[in-house]
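Shown below, as structure tokens, is a lone chain in the form predicted alone; questions about how it binds or moves come after it.
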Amino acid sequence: MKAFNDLADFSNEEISELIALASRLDKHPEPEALKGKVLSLLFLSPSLRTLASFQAAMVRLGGGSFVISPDMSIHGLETRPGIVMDGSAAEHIREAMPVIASYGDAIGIRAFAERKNINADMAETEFAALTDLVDTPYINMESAMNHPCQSLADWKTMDDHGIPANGGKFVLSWAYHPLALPLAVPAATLHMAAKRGMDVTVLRPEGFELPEELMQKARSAAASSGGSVTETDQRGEAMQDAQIIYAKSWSSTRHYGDRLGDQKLREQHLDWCVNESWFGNADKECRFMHCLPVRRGVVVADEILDGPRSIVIPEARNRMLAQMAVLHQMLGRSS
């Protein structure tokens, strides 16, 4: 495996094999599988689970890792292209990136969307510019429009909890958040559930429609896997017989890059906080998922997070296991 960038690059059979490997490594550890291997981790945006889970994964497989972020560089790290470097930063990403990559056997890269120009972010302009600078295997730890590690963990989580693929009902719901957040997780989650073969409904207020390109990608995945993709702003309709509700906030695509316009629109929807009343016509065993971190009482009520519907903790642990499988395939002896 030379890159783990998008679940769309893998067949459902290959994804199932990765998930099976993750489960096997959990039950039967291989503490020397990556002995002597090093993973470079570049974080151009902050993280808790992604950082900790990759470091833990490498240790459990017998390898090691190191972390670089702009705040850690004693010289300051400039990322803007075409800039005259007469400010505080003394090092540019164009030099730093290949050096960092050369110290490891693979590199994980995390770089959020700039959220200024939606077309540039949809084209993954910044992330592609980074990967073009390295010739080692790389892992997308979150880019402008993708988060494949989260999606692989989410797929495994649903398998673990017996949520059916074909015929399973999955709701991706927008939720209120005081900040305009990136589209990476909702985009990746939508595609993942559709590729799994589920009947997916995107539930969102008017003005928070996902870009048509992302919807079409999901529809194509659903068509190949026997699923479906619809969208609505009607909560009762969306939640009918739902087995999973996955809550996540994202920026208004109508006001992309316009902070004040986005804020004015989102503040009309303070009531989009998932609580038990949302589950009235859902499947009685409907589960709640979220990538974390999550704001209690804003995105979701305590009664859901602390109750039997929530599977966010095993979902988060599966990040480590799913990434162990990816690293094993990428850096193991048979790779």
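Residue numbers run from 1 along the displayed sequence. All values reported here derive from a predicted model rather than from experimental measurement.
Form predicted in complex with another copy of the chain: not shown, discussed below.
Partner contact region in the model of the complex: 90 to 98, out of 245 to 253, 225 to 233, 90 to 98, 113 to 121, criterion any non-hydrogen atom within 4.5 Å of another copy of the chain.
Among V326, L25, I19, A316, the residue placing a heavy atom within 4.5 Å of another copy of the chain in the model of the complex is A316. Scanning E213, D159, E209, D105 against another copy of the chain in the model of the complex with a 4.5 Å heavy atom cut-off leaves one residue, D105.
Contact annotation: E285 falls outside 4.5 Å of another copy of the chain in the model of the complex, judged by heavy atom distances. Although the partner is absent here, P308 sits far enough away that none of its heavy atoms falls within 4.5 Å of another copy of the chain in the model of the complex.
Another copy of the chain in the model of the complex is not approached by G280, whose heavy atoms all lie more than 4.5 angstroms from it. Interface membership of H269, defined by any non-hydrogen atom within 4.5 Å of another copy of the chain in the model of the complex, is ruled out.
Residues L292, P293, V294, R295, R296, G297, V298, D302, L305, D306 are the members of 281 to 308 with a non-hydrogen atom no more than 4.5 angstroms from another copy of the chain in the model of the complex.
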